[in-house]
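One chain follows as structure tokens, the form predicted on its own.
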Amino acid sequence: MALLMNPLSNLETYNISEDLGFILEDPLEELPDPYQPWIRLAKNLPSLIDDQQLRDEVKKLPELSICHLQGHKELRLAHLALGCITMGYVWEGGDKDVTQVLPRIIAVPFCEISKKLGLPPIMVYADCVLANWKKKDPSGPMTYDNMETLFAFPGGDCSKGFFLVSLLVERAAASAVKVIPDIFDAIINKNCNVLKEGLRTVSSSLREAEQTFHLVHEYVDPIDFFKILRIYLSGWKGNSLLPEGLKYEGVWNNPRKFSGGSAAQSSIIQCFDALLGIQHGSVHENSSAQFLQEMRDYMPPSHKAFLEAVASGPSVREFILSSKDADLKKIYDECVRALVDLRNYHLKVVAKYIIIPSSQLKNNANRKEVKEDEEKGTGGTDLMSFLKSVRDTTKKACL
């Protein structure tokens, strides 16, 4: 069993930071000179989209080989920049003028970079949240006031607020990731005191993540999110505006379907599910479980590998079920309840930012019908039923 722990004892092998968890540490802000046109365009997205000039500017880009991009961080910045440009290009005209073809000048390098990173050629959560940040004062704290996004979308500070609050939620939960190797060691060595300590860290980190989530109300306006930002997070899978998907010119002959950015692409919550042995049903029978499994393909492969290693490690749940230590069971249940409360809070946020604005549109006298996508998640799911389903299966895990 000791061999089982070796892979997890070194988080760096999974591109996981001891301090920041799945967040990319110190992302780059610039690429080598040949790629500056991508960075320039990505930095000017809001004004270019507002002026309906982005598509024209994309067509003026030089055709670039990716051969001068070196190292993981350069590839991540290039994927973020091209991902943002792609979302802007597709949705520049809102739902009235959706392009069905991504020009080869973007499509070819984007797909090549995606292949190198093991990510799909669409903007993912690992781009717009985990790699889309910098500190204003590099020596200062990682707080909202001292942070900025690298790239944003139209809608004023809405995308900054949405991406940075999501990042700070990840940051709050990161300390729990660091103790997972200790938790597994404790099970192998049957050390209940170390196990309790590790689970208390998980519980308190989840509580801190939920508290941090409250910042969304301060920094993200519901109407700006619903009417302006949300479309730029939308993908071309399960989307009636692009029912066939998007054609990547010069790469594939037929359109491809990819889900938009979704909180389900965050490794952190799926990590706690795996650690606590929370099952969301069979991927063959249950659409929620199936969607969560699919979203792992939108995570950096090293993070996906970590989730699989956690899931196949010593079972925390089975160990506690077989234990006669009532205190241990109580602490485990505290972890589960903290995860339930975080998911409940997510439901409230979704109601405020998506369901209520959508209902207001339905009730608008000038509005004959609401498009079927407006109450769907940006990942393409039936949002409330998906979130309630995973919340309810989490509840059932209490001992």
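Bear in mind that the values here come from a model prediction, so they are computed numbers and not experimental data. Numbering starts at 1 and follows the sequence shown.
Another form, the form predicted in complex with a small molecule, is not on view; read the next lines as being about it.
K.L.:
Indicate whether M123 is a 4.5 Å heavy atom neighbour of the small molecule in the model of the complex.
P.N.:
Contact with the small molecule, yes.
K.L.:
Can any non-hydrogen atom of A152 be found within 4.5 angstroms of the small molecule in the model of the complex?
P.N.:
Because no heavy atom of A152 falls inside 4.5 Å of the small molecule in the model of the complex, the answer is no.
K.L.:
Residue-level contact is defined here as any heavy atom of the residue lying within 4.5 Å of the small molecule in the model of the complex; does N239 satisfy this criterion?
P.N.:
No, N239 sits far enough from the small molecule in the model of the complex that none of its heavy atoms falls within 4.5 Å.
K.L.:
Within 4.5 Å, heavy atoms only: does F163 come near the small molecule in the model of the complex?
P.N.:
Within the cut-off, so yes.
K.L.:
Since the chain is shown here on its own, which stretch among 301-309, 260-268, 324-332, 92-100 would lie within 4.5 Å of the small molecule in the model of the complex, judged by heavy atoms?
P.N.:
After filtering at 4.5 Å, what remains is 260-268.
K.L.:
Tell me, which of V129, I180, A172, I106 has a heavy atom within 4.5 angstroms of the small molecule in the model of the complex?
P.N.:
Only one option qualifies, and that one is V129.
K.L.:
Using a 4.5 Å heavy atom cut-off, which residue among R55, R337, K43, H346 comes into contact with the small molecule in the model of the complex?
P.N.:
Going through each option in turn, the one that passes is H346.
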